[in-house]
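Shown here is one chain on its own, the form predicted on its own, set out as structure tokens.
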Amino acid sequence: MKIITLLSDFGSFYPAQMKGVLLTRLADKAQDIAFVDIAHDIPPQDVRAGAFALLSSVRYFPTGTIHIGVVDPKVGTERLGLVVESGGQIFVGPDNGLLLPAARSLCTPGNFPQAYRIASFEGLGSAPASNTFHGRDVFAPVAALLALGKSPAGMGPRVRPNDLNFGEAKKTDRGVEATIIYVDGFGNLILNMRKLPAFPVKLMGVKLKRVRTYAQARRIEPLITLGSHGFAEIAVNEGNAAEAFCLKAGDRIELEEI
């Protein structure tokens, strides 16, 4: 069984077209393919959010999984299409940093993801590739070729891909300055911090209770915890932190020491 995952900011019906292309290309082998939708509700054009969602998911998939990631504000321009190999898994998508955090997370110490440029978009589909939908017309056909046994190196020359990182939180005179890298469906604010502050903190004058689980806080009490993804997150027990603090992904915040 070959696993192909899909992640995009496409919403509801565009991913079905990508799956249709994959099933058509794989023909009699289609029954041996398992599709997994990681997410299709990534905020439009938010490459950083897509990269976080992909990073948080790939470690749970087995060797041989092919990931198609498409959050592609520069679709149709001269930006490259990539195939990236790392830790026994393969990533297909645009060269805008979307794939790199996840690919790096699978590397063993001293190793690096191997990235290859998709040398030509011609001949991948029955018609010329759309200028606005490379997910369907380029990346899905390439993933099908890979599922049928084509090697990543066979897709084109080795390249140095564009990278993306989430930055680092910084110690300040008053506490810690951090960036919100993702807001999940519960309104939890995920920060670019792999550890909780070593001291009690408040946000916008509101104390954040340091907890291991959400239920350790009272109902509607703001809290800070280390999430299942390995990043610090601000939440409101049985509430919505993004709404409570009027914050969104990309915002810079200061956690003040109490």
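This structure is a prediction, so every number in the text was calculated from the model and none was measured. In case it trips you up, residue 1 is the first one in the sequence shown, and so on.
The same protein has a further form, the form predicted together with a further copy of the same chain, not shown here; the description that follows concerns it.
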With a further copy of the same chain left out here, work out from 183-191, 140-148, 170-178, 101-109 which stretch has heavy atoms within 4.5 Å of it in the model of the complex.
-> 183-191
Answer yes if any heavy atom of K195 is within 4.5 Å of a heavy atom of a further copy of the same chain in the model of the complex; otherwise answer no.
-> no
Would you check, heavy atoms only and a 4.5 Å threshold, whether T132 touches a further copy of the same chain in the model of the complex?
-> yes
Taking the shortest heavy atom distance, is L80 within 4.5 Å of a further copy of the same chain in the model of the complex?
-> no
Is the gap between G250 and a further copy of the same chain in the model of the complex 4.5 Å or less for some heavy atom pair?
-> no
Taking heavy atoms and a 4.5 Å limit, what residues of 43-79 are near a further copy of the same chain in the model of the complex?
-> P44, Q45, F52, A53, S56, S57, Y60, F61, P62, P73, K74, V75, G76, T77
